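Two forms of the same protein chain are encoded below as C-alpha cells; each is given separately, as structure 1 and structure 2.
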Structure 1
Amino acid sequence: MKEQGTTSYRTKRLITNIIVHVVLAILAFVWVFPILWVVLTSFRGEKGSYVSSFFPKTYTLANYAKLFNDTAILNFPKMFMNTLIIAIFSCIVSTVFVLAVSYCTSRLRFRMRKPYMNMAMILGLFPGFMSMVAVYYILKSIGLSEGSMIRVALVLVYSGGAGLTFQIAKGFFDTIPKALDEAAFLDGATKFQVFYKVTIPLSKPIIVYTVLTSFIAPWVDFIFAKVICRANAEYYTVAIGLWRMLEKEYIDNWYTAFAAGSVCISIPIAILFVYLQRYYVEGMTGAVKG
C-alpha cells in the first residue's frame, strides 16, 4: 500500500511538472516571438512594410548603416544621444528622490506623514499624462520649452514626481532591522550617516530596481517627449524618431530601419541590467547576513 501511494504521488508530481513546463514553454514562446520578429526584420533585405513571409528572404546590415548614416531626414544618432543624456540625468535625480523619500517615510516620524502617504497612493492611481497640458504650460511660462532647455524640461518632468513612487522602496527599508539604526545612533552617527553608511549598503537590490525603472521610463516615453519637443526635431528622443519612421511618408523606406532602431535602443537597457545584476545578488547576500 505504501509503495502504491508513493508511486501515485510520483505520477501526479510528474504530470504536474509536465503541465507546468508546457505552460511555461508556451508563455516563453509568446514573449520571445515578437523579439525574434523584430531582430529578423532588422536584418531583412527586402524593403517595405508588407511582406509575405516571416523569415527574410535576404539578410543585410544595410538597415543599421542607414539608421546611422542617413541623417538628412531622421537623425537617429542625435535622437539616441538626446535620449541617453535625458535618461542618465533623470535616473540620477529620480533615484536620489525615491531613496530619500522612502527612507524618511520608513524610518522617520513627522507630521502629515500618513496623509502624504495616502495622497501619494491616490495620485498614483492616475496616469501621469493626464497632467501633460498643465505641465507643458508651466514649463513654457518659465522658459523651458524652447531650444536646449527642452532637455532640462524633460529631466524635470521625468524626475519631478519620482518621490511619489516610494512605496516599493519603503517596503524594502521596512525589512531592515531598526536595531542597526539604534546601534549606529549609540556610536554617535547622525541620521544621514545611518542612511548613507548603514542602510544604503544593505539596500543594493532596491537601488538596482530604482535605477532600472528610473532609466527605462524616459528611455521609452513618447507622450511627454512629443508634447514638450513639438516640432523641434533637433531635440527628438528615440521614441519620437521611431514613431516618425512609421509615418505614411517614411514607412516604405524606413520600416526595416525602424526594426534596427528598436534593437539598438534595447542594448543600453540590457547592458545596464547585466552590469547591475551582480550588485543585486551581492545586496541580497549582505541583507541576509545583516
Structure 2
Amino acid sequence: MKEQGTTSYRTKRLITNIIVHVVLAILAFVWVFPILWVVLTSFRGEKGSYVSSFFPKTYTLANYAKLFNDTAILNFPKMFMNTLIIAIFSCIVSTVFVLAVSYCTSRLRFRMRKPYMNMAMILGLFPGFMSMVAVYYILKSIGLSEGSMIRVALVLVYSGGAGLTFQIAKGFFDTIPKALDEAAFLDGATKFQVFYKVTIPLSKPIIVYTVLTSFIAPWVDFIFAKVICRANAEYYTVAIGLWRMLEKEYIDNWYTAFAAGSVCISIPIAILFVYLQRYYVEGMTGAVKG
C-alpha cells in the first residue's frame, strides 16, 4: 500500500515536470521566434516583406552589402556615424549631470534639496514629448535647427533633462558609508575633493550603468530625432533610418536590409546590455560590502 503511494507520487511529479518543461519550451520559442525571424530575414535571398515560408529559400549576404553600399536614398553608414557621435557626447554630458545631481541630493544638505526632489518627481509625471514641439521652437530660436547644428540640438535634447533621472545613482551614493567622507574631512579635504577622490572611485558600477544607459538612449529613440531632424536626411539617426525602411515606398526594396540593419545595431546594444545588467545588479547591492 505504502509503496504504491510513493510510485504514484513519483509519476505525478514526473508528469508535472514534463508539463513544466514543455510549457517553458513553447514559451521560450515564442520569445525567441521574432528574433530568430529577423536574423533569418537578414540573410534571405528573396526580396519583399511578404513571404510564404519560415525558412528563406536562398541565403545571401547581399542585404548587408546593400545596407552599407546603397547609400543614395538611405545612407545607413552615415546614420550610424551620426548616432555614434550624438551618443558619445550626450553620454558624457548626461553622466556628469547625473553624478553631480545625485551627489548633491545624497550627500550635501541644502535648503532646495527636498523641493528639488519633489520637483523632479512632478516633472517626471508629464508626458515626455508633450513639450516636444516647444523644444523644437526653442532650438530653432537659438539657431540649432538647421545644418550640422541638428547634431548639437539632439545632444542637448538627450542630455538636457538628465538631472531629473538621479534616483538610481542617488540610491547608490546613499549606500557609501559616511564615515569615509568624514575621515577625508578630518584630513582637510574639501567637499569637492571628497566627491572626486572618495565617492567617484567607489562608484564604478553606477558610473558604468549611467554611461551605458545614456549611451544607448540615442540608438533607440526615434520620436525626438524625427521631430528635430524633420526632412534633413543627412542627420538622421539609425532609429529613424530603420523606421523609414518600413514605410510604404521603401518596404519592398528595403525590408530585408531593415532586418540586416536591425541585426547590426542589436548586437552591440545587446552586448552593452549584458554589461549593464551586471553593473546594475552590483549598483543595486551597494558600494562597500561587508
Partner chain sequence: MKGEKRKSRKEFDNPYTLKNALAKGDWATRLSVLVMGAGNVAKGQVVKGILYFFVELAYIYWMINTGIHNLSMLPSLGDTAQEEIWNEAKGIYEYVAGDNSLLILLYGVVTLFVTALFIIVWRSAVCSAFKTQTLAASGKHLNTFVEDFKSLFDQNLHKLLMLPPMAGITVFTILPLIFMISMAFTNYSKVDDHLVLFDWVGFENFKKVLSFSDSIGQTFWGVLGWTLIWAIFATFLNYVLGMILAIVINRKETKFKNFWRFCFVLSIAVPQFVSLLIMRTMLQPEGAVNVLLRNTGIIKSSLPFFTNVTWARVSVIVINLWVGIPYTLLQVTGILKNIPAELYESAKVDGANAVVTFFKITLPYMLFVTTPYMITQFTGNINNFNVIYLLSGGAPIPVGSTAGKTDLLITWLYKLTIEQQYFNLGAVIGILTFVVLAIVALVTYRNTGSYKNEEGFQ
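Just so it is clear, the model here is predicted, and its values are computed rather than measured. We call the rigid core whatever largest set of C-alpha positions still superposes within 1.5 Å between the two forms. Structure 1's sequence is the ruler for residue numbers, which start at 1.
Of the two copies shown, the first one, structure 1, is the form predicted alone. After superposing on the rigid core, the C-alpha of I267 is displaced by 3.5 Å between structure 1 and structure 2. After superposing on the rigid core, the C-alpha of V23 is displaced by 7.3 Å between structure 1 and structure 2.
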